[in-house]
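The data below hold one chain only, encoded as structure tokens and taken in the form predicted alone.
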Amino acid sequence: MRLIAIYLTGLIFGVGISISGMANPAKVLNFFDIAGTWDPSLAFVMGGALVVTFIGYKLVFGRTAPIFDKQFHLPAKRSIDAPLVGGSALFGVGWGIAGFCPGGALPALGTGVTDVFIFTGALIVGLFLARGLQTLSTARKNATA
């Protein structure tokens, strides 16, 4: 049952990304082109997503535990630090340059467009690079402590 729920969640997300046009990098880049061919539809998509997310969180956290686990797994760290700000800035710059965010790129892989595969490959390399740098940083902190 859990795998069916995961599949359906991914399917709904992918269909939503596709229908909204967010799998099309030109549409995303036009949102950032305020002085040119500005397309405000992304703001409406994000606003709608926030409303749905807000309602979903209220419903889910009204329960004592998730349906498919014994407890909720929430981040313990709530501070805004340099890695969070840097990662957010890097995400925004990458999104603005490529027109893809990871969530929009994965459903777009089904289009077979080469740019999507290049972006996804770079995303995977970046994930491994960030993990390696994080491990190296932690090792250095532990060695000096």
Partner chain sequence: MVTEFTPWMSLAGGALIGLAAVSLMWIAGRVFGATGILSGLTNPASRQDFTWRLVLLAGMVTGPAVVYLLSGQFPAVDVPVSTTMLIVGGLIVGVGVSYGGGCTSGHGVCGMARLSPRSIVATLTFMATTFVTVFVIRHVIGV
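Numbering follows the first chain given and starts at 1. Remember, predicted model here, so these are calculated numbers, not experimental data.
Unshown form predicted together with its partner chain; subsequent notes refer to it.
Taking non-hydrogen atoms only, G62 never approaches its partner chain to within 4.5 angstroms in the predicted complex. Although the partner is absent from this view, L3 contacts its partner chain in the predicted complex, with a non-hydrogen atom inside 4.5 angstroms.
For the stretch 114-142, the set of residues having any non-hydrogen atom within 4.5 angstroms of its partner chain in the predicted complex comprises D115, V116, I118, F119, A122, L123, I124, V125, G126, L127, F128, L129, A130, R131, L133, Q134, in sequence order.
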